[in-house]
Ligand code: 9MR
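Taking the form predicted on its own, here's one chain by itself in C-alpha coordinates.
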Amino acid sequence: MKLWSIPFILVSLSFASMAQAADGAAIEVDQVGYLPAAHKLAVAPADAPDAFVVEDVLTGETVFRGKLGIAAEWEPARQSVRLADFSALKTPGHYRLHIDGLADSDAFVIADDAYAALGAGVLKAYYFNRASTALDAKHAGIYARAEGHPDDVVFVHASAASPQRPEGTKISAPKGWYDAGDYNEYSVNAAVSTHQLLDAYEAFPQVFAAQKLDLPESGNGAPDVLNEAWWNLQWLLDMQDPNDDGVYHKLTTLKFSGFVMPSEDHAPRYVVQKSTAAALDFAAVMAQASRVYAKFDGQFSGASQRMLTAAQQAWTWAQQHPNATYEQPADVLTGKYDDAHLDDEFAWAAAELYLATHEDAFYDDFIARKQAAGVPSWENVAGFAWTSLAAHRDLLTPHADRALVERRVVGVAEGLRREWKDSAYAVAMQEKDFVWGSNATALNRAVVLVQAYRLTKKRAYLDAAQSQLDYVLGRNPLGRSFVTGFGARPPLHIHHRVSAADGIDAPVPGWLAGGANPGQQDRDSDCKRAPYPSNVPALSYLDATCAYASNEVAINWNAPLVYVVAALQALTH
(Lines give C-alpha, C1' and ligand atoms only; values in the text may rest on other atoms or scores of the structure.)
Protein backbone atom coordinates (compact mmCIF):
# COMPACT_ATOMS: atom_id res chain seq x y z
CA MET A 1 0.00 0.00 0.00
CA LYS A 2 1.66 3.22 -1.09
CA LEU A 3 1.03 6.46 0.75
CA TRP A 4 -0.96 9.00 -1.16
CA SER A 5 -1.98 12.58 -0.74
CA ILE A 6 -4.77 14.68 -2.19
CA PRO A 7 -4.16 18.42 -2.05
CA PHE A 8 -7.81 19.36 -2.48
CA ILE A 9 -9.21 17.33 0.39
CA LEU A 10 -8.16 16.23 3.85
CA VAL A 11 -8.24 12.47 4.16
CA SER A 12 -7.98 10.72 7.49
CA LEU A 13 -6.41 7.31 7.08
CA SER A 14 -4.56 4.90 9.32
CA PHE A 15 -2.61 2.65 6.98
CA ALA A 16 -1.63 0.19 9.68
CA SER A 17 -5.32 -0.18 10.50
CA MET A 18 -6.28 -0.61 6.86
CA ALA A 19 -3.99 -3.62 6.54
CA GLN A 20 -6.09 -5.20 9.26
CA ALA A 21 -9.46 -4.05 7.94
CA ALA A 22 -11.14 -7.35 8.63
CA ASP A 23 -10.22 -7.26 12.30
CA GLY A 24 -12.72 -4.56 13.26
CA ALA A 25 -12.46 -2.86 16.64
CA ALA A 26 -13.33 -3.89 20.18
CA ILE A 27 -14.74 -0.43 20.93
CA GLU A 28 -16.58 1.14 18.03
CA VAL A 29 -16.71 4.91 17.51
CA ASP A 30 -17.39 7.37 14.71
CA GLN A 31 -13.91 7.21 13.17
CA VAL A 32 -14.17 10.65 11.57
CA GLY A 33 -15.18 12.38 14.80
CA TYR A 34 -17.83 14.50 16.45
CA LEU A 35 -18.94 18.10 16.59
CA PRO A 36 -18.56 19.58 20.11
CA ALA A 37 -22.31 19.75 20.77
CA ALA A 38 -23.12 16.39 19.14
CA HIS A 39 -24.65 13.37 20.82
CA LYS A 40 -21.62 11.08 21.23
CA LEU A 41 -21.90 7.33 21.64
CA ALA A 42 -19.51 4.40 21.43
CA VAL A 43 -20.29 0.68 21.47
CA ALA A 44 -18.53 -1.89 23.65
CA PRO A 45 -18.99 -5.65 24.13
CA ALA A 46 -21.62 -6.76 26.64
CA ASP A 47 -19.00 -8.33 28.94
CA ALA A 48 -16.89 -5.18 29.18
CA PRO A 49 -16.24 -3.70 32.65
CA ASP A 50 -18.65 -0.97 33.73
CA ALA A 51 -16.25 1.96 33.63
CA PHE A 52 -14.88 3.74 30.58
CA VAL A 53 -12.67 6.78 30.16
CA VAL A 54 -11.90 9.12 27.32
CA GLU A 55 -8.23 9.98 27.03
CA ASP A 56 -6.36 12.73 25.21
CA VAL A 57 -4.35 10.97 22.50
CA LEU A 58 -1.47 13.43 22.73
CA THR A 59 -1.02 13.53 26.51
CA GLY A 60 -2.66 10.33 27.72
CA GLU A 61 -4.63 12.41 30.22
CA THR A 62 -8.11 11.24 31.18
CA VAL A 63 -10.59 13.95 30.24
CA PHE A 64 -13.89 12.15 30.85
CA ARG A 65 -15.15 9.24 32.95
CA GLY A 66 -18.40 7.37 32.51
CA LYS A 67 -20.33 4.15 33.04
CA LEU A 68 -21.49 1.84 30.27
CA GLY A 69 -25.20 1.31 29.79
CA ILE A 70 -26.93 -2.00 30.33
CA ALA A 71 -26.23 -4.86 27.93
CA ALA A 72 -28.73 -5.52 25.18
CA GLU A 73 -28.77 -7.57 21.99
CA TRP A 74 -28.89 -6.04 18.55
CA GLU A 75 -30.60 -8.70 16.50
CA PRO A 76 -29.28 -7.62 13.05
CA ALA A 77 -25.76 -8.42 14.27
CA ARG A 78 -26.60 -11.21 16.72
CA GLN A 79 -24.48 -9.28 19.21
CA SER A 80 -25.02 -8.13 22.78
CA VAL A 81 -23.42 -4.75 23.47
CA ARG A 82 -23.29 -1.80 25.85
CA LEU A 83 -23.30 1.89 24.98
CA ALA A 84 -20.86 4.51 26.23
CA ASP A 85 -22.32 8.02 26.25
CA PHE A 86 -19.76 10.82 26.38
CA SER A 87 -21.94 13.60 25.00
CA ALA A 88 -20.94 15.84 27.90
CA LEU A 89 -17.37 16.01 26.54
CA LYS A 90 -17.43 19.09 24.32
CA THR A 91 -13.81 20.29 24.45
CA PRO A 92 -12.11 20.11 21.04
CA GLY A 93 -9.22 17.70 20.84
CA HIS A 94 -7.95 14.29 19.71
CA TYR A 95 -9.22 11.44 21.84
CA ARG A 96 -9.62 7.70 22.27
CA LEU A 97 -11.95 5.69 24.47
CA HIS A 98 -10.38 3.25 26.94
CA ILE A 99 -11.94 0.31 28.81
CA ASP A 100 -9.77 -1.93 30.95
CA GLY A 101 -9.07 -5.26 29.30
CA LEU A 102 -9.98 -4.08 25.79
CA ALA A 103 -7.97 -2.53 22.99
CA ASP A 104 -8.50 1.20 22.88
CA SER A 105 -10.92 2.64 20.36
CA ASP A 106 -9.71 4.25 17.17
CA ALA A 107 -8.62 7.83 17.69
CA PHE A 108 -11.23 10.46 16.87
CA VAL A 109 -11.53 14.22 16.97
CA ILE A 110 -13.99 16.56 18.57
CA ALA A 111 -13.89 19.76 16.56
CA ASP A 112 -16.06 22.46 15.03
CA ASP A 113 -14.80 21.39 11.62
CA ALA A 114 -14.92 17.64 12.28
CA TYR A 115 -17.04 17.05 9.16
CA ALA A 116 -15.73 19.79 6.87
CA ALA A 117 -13.38 17.54 4.89
CA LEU A 118 -15.94 14.75 4.84
CA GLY A 119 -18.64 17.07 3.50
CA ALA A 120 -16.36 18.28 0.73
CA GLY A 121 -15.15 14.79 -0.07
CA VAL A 122 -18.52 13.10 -0.44
CA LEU A 123 -19.72 15.89 -2.74
CA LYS A 124 -16.55 16.01 -4.81
CA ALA A 125 -17.00 12.29 -5.49
CA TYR A 126 -19.56 13.37 -8.09
CA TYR A 127 -16.90 15.36 -9.93
CA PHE A 128 -14.77 12.21 -10.10
CA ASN A 129 -17.71 10.40 -11.76
CA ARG A 130 -18.32 12.97 -14.46
CA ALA A 131 -18.81 11.65 -17.96
CA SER A 132 -17.76 13.37 -21.18
CA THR A 133 -14.77 15.23 -19.78
CA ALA A 134 -11.16 14.83 -18.86
CA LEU A 135 -10.26 15.35 -15.20
CA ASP A 136 -7.06 17.38 -15.02
CA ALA A 137 -4.45 17.18 -12.27
CA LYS A 138 -5.21 20.72 -11.11
CA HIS A 139 -8.64 19.67 -9.93
CA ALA A 140 -8.35 15.88 -9.63
CA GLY A 141 -4.83 15.43 -8.27
CA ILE A 142 -3.61 11.87 -8.70
CA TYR A 143 -7.07 10.89 -9.96
CA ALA A 144 -6.67 12.86 -13.18
CA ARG A 145 -7.86 10.90 -16.21
CA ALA A 146 -8.48 11.25 -19.92
CA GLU A 147 -11.91 12.04 -21.31
CA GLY A 148 -14.25 9.14 -21.83
CA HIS A 149 -17.74 8.74 -23.25
CA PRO A 150 -18.09 12.10 -25.01
CA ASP A 151 -21.64 11.01 -25.93
CA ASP A 152 -21.79 13.43 -28.84
CA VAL A 153 -22.86 10.43 -30.92
CA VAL A 154 -25.47 8.31 -29.14
CA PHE A 155 -27.81 5.96 -30.98
CA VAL A 156 -31.57 5.72 -30.55
CA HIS A 157 -32.34 2.14 -29.55
CA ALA A 158 -35.27 0.34 -31.17
CA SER A 159 -37.19 0.59 -27.90
CA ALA A 160 -36.88 4.38 -28.01
CA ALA A 161 -37.61 4.88 -31.70
CA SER A 162 -40.19 7.39 -32.87
CA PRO A 163 -41.22 8.77 -36.28
CA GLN A 164 -38.99 11.79 -35.79
CA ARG A 165 -36.14 9.72 -34.36
CA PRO A 166 -36.20 6.22 -35.89
CA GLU A 167 -33.96 3.42 -34.69
CA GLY A 168 -30.29 4.22 -35.24
CA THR A 169 -30.76 8.00 -35.22
CA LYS A 170 -27.67 9.74 -33.86
CA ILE A 171 -28.24 12.26 -31.08
CA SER A 172 -26.01 14.08 -28.62
CA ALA A 173 -26.39 13.76 -24.83
CA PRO A 174 -23.07 14.57 -23.15
CA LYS A 175 -22.17 15.17 -19.50
CA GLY A 176 -23.97 13.68 -16.50
CA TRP A 177 -22.52 11.34 -13.89
CA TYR A 178 -21.69 7.69 -14.20
CA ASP A 179 -24.38 6.10 -12.10
CA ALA A 180 -22.39 3.77 -9.89
CA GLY A 181 -19.55 1.34 -10.39
CA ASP A 182 -20.48 1.15 -14.07
CA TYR A 183 -20.30 3.77 -16.83
CA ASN A 184 -23.99 4.00 -17.70
CA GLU A 185 -26.38 6.84 -16.89
CA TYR A 186 -29.95 6.38 -15.72
CA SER A 187 -32.53 9.17 -15.69
CA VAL A 188 -34.46 7.92 -12.67
CA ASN A 189 -31.45 7.67 -10.40
CA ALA A 190 -29.85 10.83 -11.74
CA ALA A 191 -32.99 12.80 -10.92
CA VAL A 192 -33.29 11.37 -7.41
CA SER A 193 -29.62 12.05 -6.66
CA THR A 194 -29.69 15.59 -7.98
CA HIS A 195 -32.85 16.30 -5.99
CA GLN A 196 -31.17 15.42 -2.71
CA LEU A 197 -28.14 17.57 -3.49
CA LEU A 198 -30.40 20.53 -4.29
CA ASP A 199 -32.47 19.75 -1.20
CA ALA A 200 -29.33 19.91 0.94
CA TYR A 201 -28.36 23.24 -0.58
CA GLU A 202 -31.81 24.75 -0.05
CA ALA A 203 -31.91 23.64 3.58
CA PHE A 204 -28.35 24.55 4.54
CA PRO A 205 -27.05 27.18 2.10
CA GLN A 206 -24.57 28.53 4.62
CA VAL A 207 -22.69 25.23 4.69
CA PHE A 208 -22.32 25.14 0.93
CA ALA A 209 -21.48 28.84 0.64
CA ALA A 210 -18.39 28.13 2.73
CA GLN A 211 -17.46 24.94 0.89
CA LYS A 212 -14.74 25.07 -1.77
CA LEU A 213 -14.42 21.97 -3.93
CA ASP A 214 -11.87 23.23 -6.46
CA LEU A 215 -14.01 22.36 -9.47
CA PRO A 216 -13.28 23.73 -12.95
CA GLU A 217 -16.31 26.01 -12.45
CA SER A 218 -15.35 27.19 -8.95
CA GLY A 219 -15.30 30.93 -8.45
CA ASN A 220 -18.12 31.71 -10.86
CA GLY A 221 -20.31 33.21 -8.14
CA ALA A 222 -22.41 30.08 -7.58
CA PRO A 223 -21.84 27.55 -4.79
CA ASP A 224 -19.99 24.48 -5.97
CA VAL A 225 -22.87 22.15 -5.11
CA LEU A 226 -24.90 23.93 -7.81
CA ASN A 227 -21.98 23.85 -10.22
CA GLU A 228 -21.72 20.09 -9.77
CA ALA A 229 -25.46 19.47 -9.97
CA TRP A 230 -25.60 21.54 -13.16
CA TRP A 231 -23.28 19.05 -14.88
CA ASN A 232 -25.93 16.40 -14.39
CA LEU A 233 -28.94 18.62 -15.10
CA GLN A 234 -27.51 19.47 -18.53
CA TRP A 235 -27.38 15.78 -19.39
CA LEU A 236 -30.91 15.22 -18.13
CA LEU A 237 -32.19 18.05 -20.33
CA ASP A 238 -30.70 16.27 -23.35
CA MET A 239 -32.50 13.08 -22.34
CA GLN A 240 -35.84 14.74 -23.14
CA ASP A 241 -36.93 14.20 -26.72
CA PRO A 242 -37.74 17.68 -28.11
CA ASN A 243 -40.22 16.14 -30.53
CA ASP A 244 -42.69 14.78 -27.97
CA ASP A 245 -41.21 15.76 -24.54
CA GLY A 246 -40.83 12.18 -23.32
CA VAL A 247 -37.68 11.29 -21.37
CA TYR A 248 -35.39 8.39 -22.20
CA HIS A 249 -34.99 5.94 -19.33
CA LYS A 250 -31.24 5.51 -19.68
CA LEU A 251 -28.12 6.08 -21.76
CA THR A 252 -26.10 2.89 -21.85
CA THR A 253 -23.99 0.35 -23.63
CA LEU A 254 -25.83 -2.88 -24.45
CA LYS A 255 -23.95 -4.71 -21.71
CA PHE A 256 -21.74 -3.66 -18.84
CA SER A 257 -18.24 -2.71 -19.91
CA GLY A 258 -15.16 -4.35 -18.46
CA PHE A 259 -13.00 -2.87 -15.73
CA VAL A 260 -11.26 -0.34 -17.96
CA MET A 261 -10.87 3.41 -17.75
CA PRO A 262 -13.59 5.55 -19.39
CA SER A 263 -11.27 6.55 -22.23
CA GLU A 264 -10.76 2.86 -23.07
CA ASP A 265 -14.45 2.00 -23.32
CA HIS A 266 -15.50 2.51 -26.93
CA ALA A 267 -18.66 0.40 -27.11
CA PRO A 268 -21.63 2.15 -28.77
CA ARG A 269 -24.02 3.85 -26.38
CA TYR A 270 -27.78 4.10 -26.77
CA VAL A 271 -30.75 5.93 -25.35
CA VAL A 272 -33.27 3.27 -24.35
CA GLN A 273 -37.08 3.53 -24.08
CA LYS A 274 -39.05 6.47 -22.78
CA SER A 275 -40.72 5.71 -19.47
CA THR A 276 -43.31 7.33 -17.25
CA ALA A 277 -41.02 7.03 -14.24
CA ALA A 278 -38.20 8.81 -16.05
CA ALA A 279 -40.51 11.59 -17.22
CA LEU A 280 -41.99 12.17 -13.76
CA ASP A 281 -38.69 12.07 -11.87
CA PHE A 282 -37.31 14.42 -14.52
CA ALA A 283 -40.31 16.73 -14.05
CA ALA A 284 -39.82 16.74 -10.28
CA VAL A 285 -36.14 17.62 -10.27
CA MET A 286 -36.46 20.16 -13.10
CA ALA A 287 -39.27 21.94 -11.27
CA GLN A 288 -37.17 22.04 -8.13
CA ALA A 289 -34.07 23.16 -10.02
CA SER A 290 -36.02 25.96 -11.68
CA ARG A 291 -36.58 27.44 -8.22
CA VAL A 292 -33.05 26.88 -6.98
CA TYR A 293 -31.23 28.22 -10.03
CA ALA A 294 -33.46 31.27 -10.45
CA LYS A 295 -31.11 33.25 -8.22
CA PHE A 296 -28.16 32.29 -10.40
CA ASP A 297 -29.53 32.81 -13.89
CA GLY A 298 -26.47 34.84 -14.78
CA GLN A 299 -24.13 31.95 -14.07
CA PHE A 300 -26.32 29.36 -15.78
CA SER A 301 -27.50 31.21 -18.88
CA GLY A 302 -31.09 31.70 -17.85
CA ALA A 303 -31.62 27.97 -17.28
CA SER A 304 -34.33 28.44 -14.68
CA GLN A 305 -37.19 29.05 -17.11
CA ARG A 306 -35.90 26.40 -19.49
CA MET A 307 -36.01 23.82 -16.70
CA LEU A 308 -39.51 24.79 -15.59
CA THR A 309 -40.79 24.51 -19.15
CA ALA A 310 -39.10 21.13 -19.52
CA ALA A 311 -40.71 19.96 -16.27
CA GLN A 312 -44.18 21.00 -17.39
CA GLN A 313 -43.72 19.33 -20.78
CA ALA A 314 -42.54 16.08 -19.18
CA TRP A 315 -45.55 16.18 -16.84
CA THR A 316 -47.89 16.51 -19.83
CA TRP A 317 -46.18 13.57 -21.58
CA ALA A 318 -46.58 11.44 -18.43
CA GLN A 319 -50.28 12.33 -18.24
CA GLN A 320 -50.62 11.10 -21.81
CA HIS A 321 -48.53 7.96 -21.13
CA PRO A 322 -49.43 7.04 -17.53
CA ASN A 323 -48.41 3.38 -17.78
CA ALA A 324 -45.21 3.40 -19.82
CA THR A 325 -43.30 1.21 -17.38
CA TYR A 326 -39.75 0.32 -18.26
CA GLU A 327 -39.34 -3.08 -19.91
CA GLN A 328 -35.77 -4.22 -20.44
CA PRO A 329 -35.15 -5.01 -24.14
CA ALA A 330 -33.70 -8.47 -24.80
CA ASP A 331 -30.43 -7.09 -26.14
CA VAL A 332 -29.84 -4.67 -23.22
CA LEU A 333 -28.22 -6.19 -20.13
CA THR A 334 -27.40 -3.15 -18.00
CA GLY A 335 -29.22 -1.77 -14.94
CA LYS A 336 -33.00 -1.50 -15.07
CA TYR A 337 -34.32 0.89 -12.42
CA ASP A 338 -37.67 -0.56 -13.36
CA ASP A 339 -40.78 0.28 -11.35
CA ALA A 340 -44.32 -0.84 -12.05
CA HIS A 341 -45.93 1.34 -9.37
CA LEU A 342 -46.05 4.95 -10.51
CA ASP A 343 -48.43 6.74 -8.13
CA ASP A 344 -45.47 7.84 -6.02
CA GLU A 345 -43.74 9.34 -9.07
CA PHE A 346 -46.90 11.23 -10.01
CA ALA A 347 -47.20 12.48 -6.43
CA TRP A 348 -43.60 13.69 -6.26
CA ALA A 349 -43.70 15.46 -9.62
CA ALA A 350 -47.01 17.13 -8.68
CA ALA A 351 -45.59 18.31 -5.35
CA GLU A 352 -42.48 19.84 -6.94
CA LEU A 353 -44.50 21.49 -9.72
CA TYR A 354 -46.84 22.89 -7.06
CA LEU A 355 -43.90 24.43 -5.19
CA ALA A 356 -42.49 25.86 -8.44
CA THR A 357 -45.73 27.27 -9.86
CA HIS A 358 -48.01 27.77 -6.81
CA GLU A 359 -50.82 26.23 -8.87
CA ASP A 360 -53.29 24.54 -6.53
CA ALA A 361 -54.21 21.96 -9.15
CA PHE A 362 -50.81 20.36 -8.70
CA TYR A 363 -51.38 20.10 -4.94
CA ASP A 364 -54.71 18.41 -5.64
CA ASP A 365 -52.95 15.99 -7.98
CA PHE A 366 -50.49 15.20 -5.20
CA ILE A 367 -53.24 14.55 -2.64
CA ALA A 368 -55.28 12.49 -5.11
CA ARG A 369 -52.50 9.93 -5.35
CA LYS A 370 -52.98 9.06 -1.63
CA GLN A 371 -49.33 8.30 -1.06
CA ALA A 372 -48.14 7.60 2.46
CA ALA A 373 -45.16 9.47 3.81
CA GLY A 374 -42.12 7.30 4.36
CA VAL A 375 -38.37 6.98 4.04
CA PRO A 376 -37.57 7.89 0.42
CA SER A 377 -35.66 5.79 -2.08
CA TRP A 378 -35.36 5.72 -5.86
CA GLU A 379 -38.15 3.15 -6.15
CA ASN A 380 -40.47 4.95 -3.71
CA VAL A 381 -40.20 8.69 -4.15
CA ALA A 382 -43.37 9.63 -2.25
CA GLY A 383 -41.19 10.48 0.74
CA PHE A 384 -39.53 13.20 -1.33
CA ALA A 385 -42.93 14.74 -2.02
CA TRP A 386 -43.83 15.01 1.67
CA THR A 387 -40.43 16.25 2.81
CA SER A 388 -40.29 18.83 0.02
CA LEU A 389 -43.64 20.25 1.05
CA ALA A 390 -42.62 20.21 4.71
CA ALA A 391 -39.30 21.91 4.00
CA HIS A 392 -40.92 24.70 1.99
CA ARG A 393 -43.92 25.64 4.06
CA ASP A 394 -43.31 29.27 3.09
CA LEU A 395 -44.20 28.33 -0.50
CA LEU A 396 -47.48 26.60 0.33
CA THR A 397 -50.63 28.38 -0.74
CA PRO A 398 -53.64 28.67 1.61
CA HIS A 399 -55.12 25.75 -0.32
CA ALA A 400 -52.59 23.30 1.17
CA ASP A 401 -53.08 21.51 4.46
CA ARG A 402 -49.91 22.57 6.26
CA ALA A 403 -50.80 20.67 9.44
CA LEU A 404 -51.27 17.46 7.47
CA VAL A 405 -47.89 17.82 5.79
CA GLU A 406 -46.10 18.42 9.09
CA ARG A 407 -47.98 15.62 10.84
CA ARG A 408 -47.11 13.06 8.18
CA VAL A 409 -43.36 13.82 8.17
CA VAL A 410 -43.09 13.99 11.95
CA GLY A 411 -45.08 10.76 12.23
CA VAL A 412 -42.54 8.88 10.13
CA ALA A 413 -39.66 10.40 12.08
CA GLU A 414 -41.26 9.49 15.39
CA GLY A 415 -41.32 5.84 14.37
CA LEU A 416 -37.63 6.07 13.48
CA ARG A 417 -36.86 7.81 16.78
CA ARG A 418 -38.46 4.94 18.67
CA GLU A 419 -36.41 2.42 16.70
CA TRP A 420 -33.26 4.38 17.55
CA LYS A 421 -34.19 4.58 21.22
CA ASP A 422 -34.98 0.86 21.44
CA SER A 423 -31.90 -0.28 19.52
CA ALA A 424 -29.00 -1.78 21.45
CA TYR A 425 -26.73 -0.11 18.89
CA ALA A 426 -28.73 3.14 18.94
CA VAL A 427 -29.33 2.77 15.20
CA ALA A 428 -32.74 2.97 13.53
CA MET A 429 -32.16 -0.14 11.43
CA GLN A 430 -33.84 -3.52 11.73
CA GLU A 431 -33.02 -6.79 10.00
CA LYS A 432 -35.35 -6.05 7.08
CA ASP A 433 -33.45 -2.83 6.38
CA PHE A 434 -30.23 -4.62 5.47
CA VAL A 435 -30.77 -4.68 1.74
CA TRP A 436 -28.74 -3.70 -1.31
CA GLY A 437 -27.54 -0.19 -0.40
CA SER A 438 -28.29 -0.54 3.32
CA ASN A 439 -26.00 2.37 4.16
CA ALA A 440 -28.15 4.64 2.02
CA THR A 441 -31.20 3.26 3.81
CA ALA A 442 -29.62 4.31 7.11
CA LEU A 443 -28.86 7.78 5.79
CA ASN A 444 -32.25 8.35 4.16
CA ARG A 445 -33.74 7.61 7.57
CA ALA A 446 -31.46 10.29 8.95
CA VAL A 447 -32.76 12.72 6.31
CA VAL A 448 -36.33 12.22 7.57
CA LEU A 449 -35.17 12.65 11.16
CA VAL A 450 -33.45 15.92 10.25
CA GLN A 451 -36.62 17.15 8.54
CA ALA A 452 -38.59 16.42 11.72
CA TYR A 453 -36.03 18.27 13.81
CA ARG A 454 -36.35 21.29 11.56
CA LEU A 455 -40.12 21.18 12.00
CA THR A 456 -40.23 20.59 15.76
CA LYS A 457 -36.79 21.48 17.18
CA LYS A 458 -37.08 18.26 19.21
CA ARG A 459 -33.44 17.38 19.89
CA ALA A 460 -34.00 13.63 19.94
CA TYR A 461 -34.58 13.67 16.18
CA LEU A 462 -31.21 15.31 15.57
CA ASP A 463 -29.46 12.93 17.96
CA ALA A 464 -31.00 9.97 16.16
CA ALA A 465 -29.81 11.35 12.82
CA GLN A 466 -26.32 11.70 14.29
CA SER A 467 -26.38 8.01 15.23
CA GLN A 468 -27.21 7.04 11.64
CA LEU A 469 -24.13 8.93 10.45
CA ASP A 470 -22.01 7.42 13.23
CA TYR A 471 -23.10 4.00 12.00
CA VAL A 472 -21.71 4.47 8.48
CA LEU A 473 -18.53 6.10 9.82
CA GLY A 474 -17.47 3.24 12.06
CA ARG A 475 -19.84 2.73 14.97
CA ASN A 476 -21.07 -0.53 13.52
CA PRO A 477 -20.52 -4.25 14.20
CA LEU A 478 -17.80 -4.41 11.54
CA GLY A 479 -15.88 -1.58 13.20
CA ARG A 480 -15.19 0.13 9.90
CA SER A 481 -15.98 3.31 8.05
CA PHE A 482 -17.93 2.77 4.84
CA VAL A 483 -16.63 5.94 3.12
CA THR A 484 -13.50 5.68 0.98
CA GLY A 485 -10.66 7.82 2.26
CA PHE A 486 -12.22 8.58 5.64
CA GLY A 487 -11.76 6.84 8.96
CA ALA A 488 -9.34 4.25 10.29
CA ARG A 489 -10.68 1.35 8.21
CA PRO A 490 -12.39 2.60 5.04
CA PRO A 491 -13.23 0.42 2.03
CA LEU A 492 -10.20 -0.28 -0.14
CA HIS A 493 -11.66 -2.34 -2.99
CA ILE A 494 -14.98 -0.77 -3.98
CA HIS A 495 -16.88 -2.06 -7.00
CA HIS A 496 -16.06 1.00 -9.11
CA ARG A 497 -14.48 0.74 -12.51
CA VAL A 498 -12.29 3.84 -12.27
CA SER A 499 -10.95 2.82 -8.86
CA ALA A 500 -10.20 -0.68 -10.11
CA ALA A 501 -8.59 0.36 -13.39
CA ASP A 502 -6.64 3.56 -12.64
CA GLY A 503 -3.52 1.87 -11.26
CA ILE A 504 -3.77 3.75 -7.96
CA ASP A 505 -3.88 1.62 -4.82
CA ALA A 506 -6.28 3.87 -2.93
CA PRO A 507 -9.82 4.08 -4.35
CA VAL A 508 -11.32 7.37 -5.44
CA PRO A 509 -12.13 9.17 -2.15
CA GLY A 510 -15.52 10.20 -0.86
CA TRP A 511 -17.61 7.25 -2.02
CA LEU A 512 -20.07 5.48 0.28
CA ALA A 513 -19.99 1.71 -0.11
CA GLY A 514 -23.40 0.03 -0.29
CA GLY A 515 -23.05 -1.76 3.02
CA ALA A 516 -24.07 -5.00 4.68
CA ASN A 517 -26.44 -7.05 2.52
CA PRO A 518 -27.33 -10.64 3.41
CA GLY A 519 -28.89 -11.05 -0.05
CA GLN A 520 -25.35 -11.48 -1.43
CA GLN A 521 -26.61 -11.28 -5.02
CA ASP A 522 -22.98 -11.42 -6.16
CA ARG A 523 -22.26 -14.81 -4.54
CA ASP A 524 -21.99 -16.48 -7.95
CA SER A 525 -19.51 -13.92 -9.28
CA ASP A 526 -15.77 -13.94 -8.68
CA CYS A 527 -16.67 -13.65 -4.99
CA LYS A 528 -16.97 -17.43 -4.93
CA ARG A 529 -13.19 -17.42 -4.52
CA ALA A 530 -13.39 -14.90 -1.66
CA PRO A 531 -16.73 -15.55 0.01
CA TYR A 532 -18.52 -13.28 2.43
CA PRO A 533 -17.36 -13.82 6.03
CA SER A 534 -20.93 -13.95 7.39
CA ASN A 535 -24.60 -14.30 6.45
CA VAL A 536 -25.73 -12.35 9.52
CA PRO A 537 -27.52 -9.23 8.18
CA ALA A 538 -25.35 -6.51 9.72
CA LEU A 539 -22.14 -8.50 9.15
CA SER A 540 -22.75 -9.53 5.54
CA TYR A 541 -20.20 -7.26 3.90
CA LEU A 542 -17.15 -7.94 1.76
CA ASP A 543 -14.53 -5.35 0.85
CA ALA A 544 -13.76 -6.79 -2.57
CA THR A 545 -14.20 -5.45 -6.09
CA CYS A 546 -16.30 -8.46 -7.01
CA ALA A 547 -18.78 -7.71 -4.20
CA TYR A 548 -21.16 -5.44 -6.06
CA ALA A 549 -24.03 -6.37 -3.74
CA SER A 550 -22.30 -4.80 -0.73
CA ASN A 551 -19.29 -2.83 -1.97
CA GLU A 552 -20.50 -0.96 -5.04
CA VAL A 553 -20.93 2.80 -4.90
CA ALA A 554 -23.76 4.85 -6.39
CA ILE A 555 -24.74 8.47 -6.87
CA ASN A 556 -28.02 8.01 -5.02
CA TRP A 557 -26.22 6.52 -2.02
CA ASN A 558 -23.86 9.48 -1.69
CA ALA A 559 -26.68 12.00 -1.97
CA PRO A 560 -28.25 11.47 1.48
CA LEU A 561 -24.73 11.42 2.95
CA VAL A 562 -24.13 14.89 1.50
CA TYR A 563 -27.43 16.01 3.04
CA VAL A 564 -26.86 14.54 6.50
CA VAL A 565 -23.30 15.83 6.86
CA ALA A 566 -24.42 19.33 5.88
CA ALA A 567 -27.41 19.13 8.22
CA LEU A 568 -25.38 18.16 11.26
CA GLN A 569 -22.83 20.89 10.56
CA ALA A 570 -25.60 23.48 10.30
CA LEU A 571 -27.88 22.34 13.13
CA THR A 572 -25.70 20.89 15.89
CA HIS A 573 -25.37 23.58 18.55
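Residue numbers run from 1 along the displayed sequence. What you see is a predicted model, and the numbers here were worked out from it, not measured in a lab.
FYI, the form predicted together with the ligand isn't displayed, but the following is about it.
Proximity to the ligand in the predicted complex, defined as a heavy atom within 4.5 Å, holds among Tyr471, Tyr186, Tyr270, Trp386 only for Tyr186. Though the ligand is absent from this view, in the predicted complex it lies within 4.5 Å of a heavy atom of just one residue from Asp182, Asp463, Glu228, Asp344, which is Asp182. Screening 122-130, 233-241, 147-155, 333-341 for residues having heavy atoms within 4.5 Å of the ligand in the predicted complex returns a single hit, 333-341. When contacts are judged by a 4.5 Å heavy atom cut-off, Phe259 does not count as touching the ligand in the predicted complex. Interface residue remark: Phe296 is not counted as part of the site for the ligand in the predicted complex, having no heavy atom within 4.5 Å. At a distance threshold of 4.5 angstroms between non-hydrogen atoms, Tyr326 is out of contact with the ligand in the predicted complex. In the predicted complex, the ligand sits within 4.5 Å of a heavy atom belonging to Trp378. Along 418-443, one residue reaches a heavy atom to within 4.5 Å of the ligand in the predicted complex: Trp436.
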